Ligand SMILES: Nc1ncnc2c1ncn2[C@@H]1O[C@H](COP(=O)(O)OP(=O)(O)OP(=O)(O)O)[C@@H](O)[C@H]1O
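Next up is one chain by itself, shown in structure tokens, the form predicted on its own.
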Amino acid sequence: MSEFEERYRAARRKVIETDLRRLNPMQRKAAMTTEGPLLLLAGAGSGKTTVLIQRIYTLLTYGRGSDTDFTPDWATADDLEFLERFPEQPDDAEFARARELCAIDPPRPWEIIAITFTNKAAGELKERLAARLGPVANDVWASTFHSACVRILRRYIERIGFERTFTIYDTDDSQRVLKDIVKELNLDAKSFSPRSVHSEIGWAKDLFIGPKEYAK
């Protein structure tokens, strides 16, 4: 790596760190890690959601710029001088130029997915993303596991022979259907309770056992 490349990389990282100066050192380190998997272990109220939002912001704004050795071929000595002298309180024009000089392969908003377990957490995540990113946040996949999967199914389920107008059954819905099936087949309701049959179907699905294979 040449001296120019080393200085450019250091200046680029310093600019991004300046943009994330409101984070503490560990939060900033996490937000600036874009290469490979990252596991955060922290207690309640320690700022995990803040890090997640800032990491998404970093990806959309700078791409891999915070932790890559790559230096663009078009970078000039004037660009390097600008980054090395970048002010802590830049104006809009300076910030726009810094983004252009520091961004390496930034993803598009719809190429990012942020998953939570509950609707409440997903709602909070969407609100905070909108506050940080503006309208761009609407294109980020911020949702629960179930919502994300349903969205994918609604879009592509016809490719596997089903219609998009499907209905999702919860546990109670499923057990009501099983109760009717047991009755229709004249099976003993005590031996084939809806709950036990539902559990058995779930077990088979977990093991990828289809109806024909299960029947054997």
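In case it trips you up, residue 1 is the first one in the sequence shown, and so on. For clarity, every value in this text was computed on a predicted model and none was experimentally measured.
Below: the form predicted in complex with the named molecule, not depicted.
Checking 168, 185, 44, 39 against the named molecule in the predicted bound form, a heavy atom within 4.5 Å turns up for just one residue: 44.
Among the residues 84, 124, 139, 105, the one placing a heavy atom within 4.5 Å of the named molecule in the predicted bound form is 124. With the partner omitted here, the stretch from 46 to 54, 169 to 177, 146 to 154, 65 to 73 that lies within 4.5 Å of the named molecule by heavy atoms in the predicted bound form is 46 to 54. Interface membership of residue 27, defined by any non-hydrogen atom within 4.5 Å of the named molecule in the predicted bound form, is confirmed. None of the heavy atoms of residue 11 is located within 4.5 Å of the named molecule in the predicted bound form. Taking non-hydrogen atoms only, residue 128 approaches the named molecule to within 4.5 angstroms in the predicted bound form. Though the partner is left out of this view, residue 23 does reach within 4.5 Å of the named molecule in the predicted bound form, counting heavy atoms only.
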